[in-house]
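Here we start with a single chain on its own, the form predicted alone, put down as structure tokens.
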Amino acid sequence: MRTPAARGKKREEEILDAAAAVFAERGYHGASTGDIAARLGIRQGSVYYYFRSKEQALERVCLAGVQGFVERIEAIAAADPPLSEGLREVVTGHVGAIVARRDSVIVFLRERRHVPRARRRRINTHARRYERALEIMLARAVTRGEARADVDCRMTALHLIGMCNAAAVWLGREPDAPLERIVATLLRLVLDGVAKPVKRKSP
């Protein structure tokens, strides 16, 4: 039997998931706490037991959208694996988290600008830490000779994050796109590119 604390935690997670779904579907300005309550079939006042306002609900959803991302990539960077292995772990974890909590990630990407500036700074700190950890991994790969010397680590990190995040938009519309295929395709793009090597004519 669940304890009252466990039941309360479970209910809070359900309301947070409902808020994420509503914000992802309608956007922050198009949604209301009444919409969140209606999604769960509860009274609107019950929502305020967990969130003081729609604004706070948005902040909590945005934080849920990045939960675990930073800790995971910083642990990978600290382990300092070879480039191909490290990127596989990063991409698998990133896209896997999107599959697990797509609504929260979509809200983080699209709606966090509506969180008040002071609290938005806290949310954006997570994004910057993630970018920095990936940039460090790429820079180490250049130093070790695993990546080309002319690689722009900052731009490559941002592009890779953008490609991973894009999966949140089209997941579900591609019937034959399991996680393994998505990860494999992204890694091929980053590590091998798409163009065939140009054969040079012998002099």
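These figures come from a predicted structure and were not determined experimentally. For every residue, the number given is its place in the sequence shown, counted from 1.
The same protein has a further form, the form predicted in complex with the DNA, not shown here; the description that follows concerns it.
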Checklist outcome for this item: Given 161-169, 63-71, 135-143, 36-44, the stretch touching the DNA in the predicted complex at heavy atoms within 4.5 Å is 36-44
Next on the checklist: My question is simply whether residue 32 lines the interface with the DNA in the predicted complex - judged by any non-hydrogen atom within 4.5 Å.
Outcome noted: yes
Item to check | Sequence-ordered residues of 43-65 touching the DNA in the predicted complex, heavy atom within 4.5 Å | outcome: 43, 44, 45, 46, 48, 49, 50, 52, 53, 54
